[in-house]
Ligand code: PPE
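Okay, so here's just one chain, in structure tokens, the form predicted on its own.
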Amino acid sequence: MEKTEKIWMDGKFVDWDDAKVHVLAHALNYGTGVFEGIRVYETSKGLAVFRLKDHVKRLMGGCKVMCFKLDYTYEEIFDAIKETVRVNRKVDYVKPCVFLCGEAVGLNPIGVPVKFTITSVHLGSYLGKDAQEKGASLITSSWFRPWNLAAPAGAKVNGVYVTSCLAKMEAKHRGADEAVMLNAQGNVAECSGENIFILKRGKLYTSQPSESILEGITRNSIIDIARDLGYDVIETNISRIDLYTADEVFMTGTAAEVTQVTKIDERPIGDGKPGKVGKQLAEKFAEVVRGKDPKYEKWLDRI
């Protein structure tokens, strides 16, 4: 990750090194925040933010889940994110975050002040060039995905991602690129920061929202694109065995985009090489986000 010049904080731009909060900020101590990750792409018509409208709606939905009072309208947040991209150079990823910043000791968040920041960076390839080109290796994490009765799994709440961090560390310690997380029922939920798809007998399957997943915006984009290409896409429950015996497996996420999986728990997926369907969808997605298919122009918000 490469830092940029300015960060938007409560309506004003400050220098990167001056964007600070107190060590007793409630969010720092208890994880009380909501965030988004949003990709920015170069197109023939300049920079474009991918599905910004949907990201802003999900951010506001997460704030509603956490009972945060936002002092900004949808339009103001939308414009502030675009302006943050404009004032910085070499931006490909934006992270808005709404969090409780007041100095407080104790779990009660009621009345603690809210802060809103928008940070833009150059992230590059999230999982690395090798994983994108040759396929990623996964392990099944010993850490379970927090389920809907224990945490707001369907919102991007800061504290929920502690478990994802543990799963990601476990994967790296075991020499893998990513970790698959199961849910309370033992079904496949998602990876530490990506949704997961499998191809089996010509059909695509992905975990349904009730399986304690985050309903990813890239996930939903790939569902639409795949169906437009003529594939059946079924949202259902997926077992660990389904992963091992799939013809293809790939992950989707704002940071990871579309990344194929060639090995899970030391077992090769298919023939152990990136598959044709995953490759087709990854290439089509790359066209869409770079404005090369007018059918999906509505997903791009130009800077």
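Heads up: residue numbers just count along the shown sequence, starting at 1. A quick note: this is a predicted structure, and the numbers were derived from the prediction, not measured.
This next part talks about the form predicted in complex with the ligand, which is not shown.
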Note: exactly one of 255, 47, 234, 28 sits with a heavy atom within 4.5 Å of the ligand in the predicted bound form, namely 255
Listed residue that, although the ligand is not shown, lies within 4.5 Å of it in the predicted bound form (heavy atoms), from 93, 205, 116, 143: 93
Residue 137 within 4.5 Å of the ligand in the predicted bound form, heavy atoms: no
Although the partner isn't part of this model, could you tell me whether residue 161 comes within 4.5 Å of the ligand in the predicted bound form, counting any heavy atom of the residue? yes
Report yes if any heavy atom of residue 167 sits within 4.5 Å of a heavy atom of the ligand in the predicted bound form; otherwise report no. no
With a cut-off of 4.5 Å between heavy atoms, is residue 216 one of the residues that contacts the ligand in the predicted bound form? yes
Thinking of the ligand in the predicted bound form, which stretch from 272-280, 52-60, 65-73, 239-247 has heavy atoms inside 4.5 Å of it? 52-60
Taking heavy atoms and a 4.5 Å limit, what residues of 35-51 are near the ligand in the predicted bound form? 35, 37
